[in-house]
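Below, in structure tokens: the form predicted alone, a single chain.
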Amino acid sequence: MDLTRRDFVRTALATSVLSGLAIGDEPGKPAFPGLTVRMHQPRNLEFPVSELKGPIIPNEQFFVRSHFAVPQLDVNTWKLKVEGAIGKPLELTISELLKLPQKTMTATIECAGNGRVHLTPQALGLQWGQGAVGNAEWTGVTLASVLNAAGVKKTAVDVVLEGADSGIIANPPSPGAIPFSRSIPIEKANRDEVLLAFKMNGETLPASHGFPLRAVVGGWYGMASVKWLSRIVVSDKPYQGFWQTLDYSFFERRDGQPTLVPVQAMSPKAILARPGLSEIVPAGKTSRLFGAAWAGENAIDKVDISVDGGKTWAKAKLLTDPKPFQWVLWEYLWENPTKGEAAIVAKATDSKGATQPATRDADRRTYMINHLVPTAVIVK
């Protein structure tokens, strides 16, 4: 059933999101059970991958990435502004958005710096392990439907998504206080996998995940899925904002020359949820290796497992239907492991043949971290 404005406001009030609090942000009630704190303010929390149980991550366990403090927003006065290279500037209330055809899709969101703790030497930025990623069911309206209502001009090149959160960045230095914003090319903006979402896993979007409205850009790293969405600007020139030039960018080699380009689509990647680092595995008994894999805009084709640090490989079993934009769960039954130390490696390959590299590409700076990382376990 489509969400109505009355349902939206009632649920929002019941979960305290109108005051800028997330679900469970009440005295004596933990809002994010079991999540690892990577930064207290602004709040950045990592999902412990050892807790992976099924394809959907519950809202209260979904990782939290914030560049600034959660903005205080009231759904009764909030409006989404749409402007720029369009025929009809818009200011849309939540009621008007809810009247548009609604769409629900399952999508994986991964922070572009997920896995940064594995970089050597240590890189600047939040030291994420492997849990700055999650898979959820998102409900909203397509960005394309809003752009169609605004009448995008033929000269349009980029669509800039701007959040209500803002602040000053010290390194690299920002030009004063700036909002978080990212652009996507007009071609991607018009695809069905780009949503303006107001529900997450069937519930009103929590404040920590962008209430009352966030973008969900299927197949792209999380920096594109702008939270607390407040403004959309259609540009007839390539957007060169702070968050895709000085930050969230990497070097691409063109004619041998490194050129900065914005981080966009996710790379294929597999993570091992169990067993965890230094976990004891019983010798001589079958042990279940379990995890998830994703490939951005492509589907996962296979996951290969090595228990000897990458010397030999065996194919894992995919437990869920591999589809673009969302992860797949996998398992491998490790038979008769022998005593000693073992290094487990999971390697994903997508439907177009792209696979995880054995070593890190320094041109990626501190982003798009999908090189193979062994997990050491003890067999005894």
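Residue positions are given as counts along the sequence shown, with the first one as 1. Nothing here was measured: the structure is a model prediction, and the numbers come from that model.
There is another form of the same protein, the form predicted together with a small molecule; it is not shown, and what comes next is about it.
S.K.: Find the only residue in Ala295, Ala292, Val159, Val226 having a heavy atom within 4.5 Å of the small molecule in the predicted bound form.
M.R.: For this set of options, the contacting one is Val226.
S.K.: Which of these residues, Ser66, Ser351, Thr36, Thr355, gets a heavy atom within 4.5 Å of the small molecule in the predicted bound form?
M.R.: Of the listed residues, the single hit is Ser66.
S.K.: Would you point out which of 162 to 170, 282 to 290, 250 to 258, 297 to 305 contains residues with a non-hydrogen atom within 4.5 Å of the small molecule in the predicted bound form?
M.R.: Careful reading of the contacts points to 162 to 170.
S.K.: Can Arg116 be called a contact residue for the small molecule in the predicted bound form at 4.5 Å between heavy atoms?
M.R.: Contact with the small molecule, no.
S.K.: Could you confirm whether Gly222 comes within 4.5 Å of the small molecule in the predicted bound form, counting heavy atoms only?
M.R.: Result yes; Gly222 sits at the interface with the small molecule in the predicted bound form.
S.K.: Please tell me whether any heavy atom belonging to Cys111 falls inside 4.5 Å of a heavy atom of the small molecule, as the geometry stands in the predicted bound form.
M.R.: Close contact exists here: in the predicted bound form, Cys111 approaches the small molecule to within 4.5 Å, heavy atoms only.
S.K.: May I ask you to state whether Lys188 is within 4.5 Å of the small molecule in the predicted bound form, using heavy atom distances?
M.R.: Looking in the predicted bound form, residue contacts with the small molecule do not include Lys188, since no heavy atom lies within 4.5 Å.
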